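First, one chain by itself: the form predicted alone, in structure tokens.
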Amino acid sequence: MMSYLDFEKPLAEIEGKAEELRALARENDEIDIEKEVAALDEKAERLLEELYRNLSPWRKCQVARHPNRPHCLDYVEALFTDWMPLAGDRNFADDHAVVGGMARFRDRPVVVIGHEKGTDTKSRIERNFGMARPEGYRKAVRLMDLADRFGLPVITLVDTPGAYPGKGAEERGQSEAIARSTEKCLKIGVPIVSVIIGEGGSGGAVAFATADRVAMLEHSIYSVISPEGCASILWKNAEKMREAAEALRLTAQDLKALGVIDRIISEPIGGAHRHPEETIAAVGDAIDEMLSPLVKKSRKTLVRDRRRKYLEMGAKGLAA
């Protein structure tokens, strides 16, 4: 069942009326509603294009968080073969907010790491809504070490509101675990390609996205803090999240212009949640295009270029 965002309410009414007419036609074969349904469908299509033509940053936040948006495991199932999930950080526990393992991507062996939010109430609670604890980042470090040892490219799929801020996580060294994961991204001598598929929240995202190439889906977001968190700090009012979203420059378009990401992956009209198969296919093609030139580079060149990429980030703005 499709969930509608608040700015999609007029669209929900039109599509709801069209579905009511279809239901009437199914109950009574003598009712001819083909023209009326076609008119409503056309009207809905025009409205959908209009709504998504120039989304504001806050509306992009809403789309990036849409519950029907394809999640990490949807991409894993569709794009990878011979998937072998690996669990645990060999220290404390297995964090279900982070999934990772070995697989084949278009017949190339790789290591895949990503945040998984879950798809229903039970799985969202189990996955902690994609908010990783220290053991999740330590699991990622272990998998990156494995990839480095066997010369396997690393593909990361980022979708998290941020690292889990709970007391237990802080006691077990949350900030240190995030820093170690980020450091490991910079050290390993194999290609790393990252895609922000939904939310890229704070250090929890950077720990997986310090990559040779970073892409974002068109309506995903990537920011140091959520708009609500930013508004609470700056304005002491979480209701100022729209203003915060504008100020944070968190859209794919802003971040591409700033040089933080390398490419934007187009989404179907209406967002990834309306046509998940099409979106997943586009992500697969983008990963392939980003990864192909990287696998030809030597270990030394990969590490050098990756470090330079992040050391020089923002330098032009500072010079100006």
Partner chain sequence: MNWITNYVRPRINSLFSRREVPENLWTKCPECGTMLFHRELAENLNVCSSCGHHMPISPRERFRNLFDGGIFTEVEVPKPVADPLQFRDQKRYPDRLRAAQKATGEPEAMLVAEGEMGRTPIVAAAQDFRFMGGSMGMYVGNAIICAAERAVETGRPLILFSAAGGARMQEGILALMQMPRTTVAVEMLKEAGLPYIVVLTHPTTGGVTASYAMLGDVQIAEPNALICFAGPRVIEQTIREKLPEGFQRAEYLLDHGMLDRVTDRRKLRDELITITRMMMKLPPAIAADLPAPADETAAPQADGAE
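Keep in mind the model is a prediction, meaning the values are calculated, not measured. Numbering follows the first chain given and starts at 1.
This next part talks about the form predicted together with its partner chain, which is not shown.
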Within 4.5 Å of its partner chain in the predicted bound form - does that hold for a heavy atom of every one of Lys187, Gly203 and Val260? yes
Among 149-157, 163-171, 99-107, 78-86, which stretch sits within 4.5 Å of its partner chain in the predicted bound form, heavy atoms only? 163-171
Within 4.5 Å of its partner chain in the predicted bound form, heavy atoms considered, which of Met144, Met241, Leu248, Ala215? Leu248
Glu183, heavy atom within 4.5 angstroms of its partner chain in the predicted bound form: yes
Would you check, heavy atoms only and a 4.5 Å threshold, whether Leu73 touches its partner chain in the predicted bound form? no
Its partner chain contact in the predicted bound form: Trp235, any heavy atom under 4.5 Å: yes
With heavy atoms only and a cut-off of 4.5 Å, decide whether Lys17 touches its partner chain in the predicted bound form. no
